[in-house]
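Coming up is one lone chain in structure tokens, specifically the form predicted on its own.
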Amino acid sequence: MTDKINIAVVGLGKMGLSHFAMVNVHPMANAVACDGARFIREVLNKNTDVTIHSDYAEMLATTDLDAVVIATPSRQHAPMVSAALDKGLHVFCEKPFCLDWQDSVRLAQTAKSKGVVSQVGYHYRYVGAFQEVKKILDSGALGNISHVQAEAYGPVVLRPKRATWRTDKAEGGGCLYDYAAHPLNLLNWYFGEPTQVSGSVLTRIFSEGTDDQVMSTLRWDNGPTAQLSVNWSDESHRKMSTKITMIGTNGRLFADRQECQLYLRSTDPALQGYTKGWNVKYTTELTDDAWFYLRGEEYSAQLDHFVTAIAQGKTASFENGFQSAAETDKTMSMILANADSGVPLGKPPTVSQPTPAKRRGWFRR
């Protein structure tokens, strides 16, 4: 493709404006936008030369587009993505993908059948430290993983206040779908869809109609048990902080936005660059310099990945494409159902004990 890609950014709130800024300056893209708020349209019309639409359906019917970036409240994702796919457009959708996981599966299948590029905004998959965790796990150097702690804390809802779409369970899904989605998506990336979910508790702290805190236990066949702990009403953190801790038969691992720490009992030839004992690698050294940059490395790389794939005519699934996002949506629905019923969701996982490490020195006969 030699011409610039026409991309419409739909929904100009916090994330939408961020995506709009990146699309608007990307050298391979032409930006248009759509938002129902008159104030937003007037401000952008005064300060940019970009065409701003007020009606999504009308824009799809009358505008020459190649792709859309959907950053509207979560409840609107499924119908908007469906309408874009009906037009044969490439689609980037902010997370969570859909509030109903069955919509997610259906739309993933539609996108695959149409051969379009599809992506969901789980930007942690573009953070160097979390990518390094995936590399370590794939190498097998950490051994059999027995326990995982997945956490996310931040200061989103810190007092009772007027409800917004984000704190309206029917519109945004609450802390589970807005915050817990991030560490859950990392768990899905590392281990796939859980076999069983149990012990889920969704707690209100300030919000009247939705959860502010989420705790749950997830288990995998012949895999780890993961403890999920998420709270978006935690003022001890200046901004969102997502952490992953793992214990394996050959050591332990910790990763957050800044670094990846790995302790190895013994080295493994499948994992080059790591020695016995503690190893620390920082996101700055694990991240390739982006040729296109605005806002942050992970957001820039994510958006550029989407644009470049379209420009090169690629239709292969992304690691954070619709299919993987559907896994996360289904996992969240399991947590929600488990919290409501108190009954574990899924079947008891198959558990096989790993071969113990060899004893050193002498052996009992």
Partner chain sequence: MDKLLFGDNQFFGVNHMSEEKARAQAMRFQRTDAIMEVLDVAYDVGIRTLMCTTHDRISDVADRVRANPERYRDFQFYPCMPYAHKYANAVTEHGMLGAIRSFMPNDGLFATALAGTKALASKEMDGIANAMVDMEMKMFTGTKTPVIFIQNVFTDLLIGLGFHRAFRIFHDHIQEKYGAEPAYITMNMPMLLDVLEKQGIERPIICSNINKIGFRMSGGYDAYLDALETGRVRAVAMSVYASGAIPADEAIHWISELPGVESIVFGASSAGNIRGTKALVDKYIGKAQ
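Residue numbers count along the first chain shown, from 1. Predicted, not measured: the structure shown is a model, and the values here were computed from it.
Just so you know, the form predicted in complex with its partner chain exists too; it's not on screen, but the next bit is about it.
**Request:** Report yes if all three of V25, V50 and R238 come within 4.5 Å of its partner chain in the predicted bound form by some heavy atom, otherwise no.
**Result:** Heavy-atom distance to its partner chain in the predicted bound form: all three under 4.5 Å.
**Prompt:** Looking at the partner-bound form in the predicted bound form, is L12 within 4.5 Å of its partner chain by any heavy atom?
**Reply:** Output for L12 is yes: heavy atoms within 4.5 Å of its partner chain.
**Request:** Tell me, yes or no, whether T283 is in contact with its partner chain in the predicted bound form, where a contact means a heavy atom of each within 4.5 Å.
**Result:** It does: once its partner chain is placed as it appears in the predicted bound form, T283 has a heavy atom within 4.5 Å of it.
**Prompt:** Contact between R257 and its partner chain in the predicted bound form at 4.5 Å, heavy atoms?
**Reply:** The answer is yes: R257 has a heavy atom within 4.5 Å of its partner chain.
**Request:** State yes or no: in the predicted bound form, is some non-hydrogen atom of D66 no more than 4.5 angstroms from a non-hydrogen atom of its partner chain?
**Result:** No, D66 is distant from the partner.
**Prompt:** Can you pick the stretch from 151-159, 202-210, 215-223, 105-113 whose heavy atoms fall within 4.5 Å of its partner chain in the predicted bound form?
**Reply:** Selected range: 151-159.
**Item:** Contact residue in the predicted bound form, from A83, I247, L294, V133 (heavy atom within 4.5 Å of its partner chain)
**Value:** Checking each option against its partner chain in the predicted bound form, the one that comes within 4.5 Å is L294.
**Message:** Quick check on this chain: which one of S146, S139, S266, T164 has a heavy atom within 4.5 Å of its partner chain in the predicted bound form?
**Reply:** That would be T164.
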